[in-house]
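First comes one chain, alone, set out as structure tokens in the form predicted on its own.
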């Protein structure tokens, strides 16, 4: 049974797709067979790993709406050991199409049976709709990116309530595996203040690694490459390598719910 990590926060622009792409690459380069499942209709993770967004072959839309197995839509990336189940803009209508369908919140979990990867990363859309609920139902743990900016904790209460509802009704084993500070700028007092606030709220759930605000991280997706291929010596690459090691290490520890 793989570790299934849902990367989620209903706020947009916090680094979910950046983390899915680069953490996935760093885990694979550390020898962990890794699958990234892109559940965001924007398909930024898909294109960030060098896969065309408008491909006509199988996508996560087929998994959720047409009953395809995840294994049937997986494609390989330029990083050995890293594969992706790509997204498509057609997922934008999936919330409506799934509404009222049988077991609509557990489609992904059922379709993932038999996956052999050691870690699966689920890139969630910036919402708490059925796509995210499918991810939370399938996940064994959550990774919550929080940007070091004003209103960083805004909306987290709603996310925590949604997590608790999923635990109660769909996935009692769901845990918070880690909280990741992103877009950190050590030159500003604001980043320090937000980091302190987040650590005060989540305690040791917060990763020691912080992801810096970085031009190179922002550039890499336009080249269809994770940062470790685009600029392996950059601060962003070094940060995601360190994060991957923390994720691996935490997986060997007995975990506790938040």
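Numbering follows the first chain given and starts at 1. Note that this is a predicted model, so its numbers are computed, not measured.
We do not show the form predicted together with a small molecule, though everything after this point is about it.
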Query raised in the report: Within 4.5 Å of the small molecule in the predicted bound form, do 17, 40 and 213 each have at least one heavy atom?
Result: yes
Query raised in the report: Counting only heavy atoms and a 4.5 Å cutoff, which of 226-234, 28-36, 213-221, 63-71 contacts the small molecule in the predicted bound form?
Result: 213-221
Query - The single option of 156, 98, 183, 174 touching the small molecule in the predicted bound form, heavy atom within 4.5 Å - result: 183
Query raised in the report: Counting only non-hydrogen atoms and a 4.5 angstroms cut-off, does residue 44 reach the small molecule in the predicted bound form?
Result: yes
Requested in this report: Please run the contact check for residue 126 against the small molecule in the predicted bound form: heavy atoms, 4.5 angstroms, yes or no?
Outcome: yes
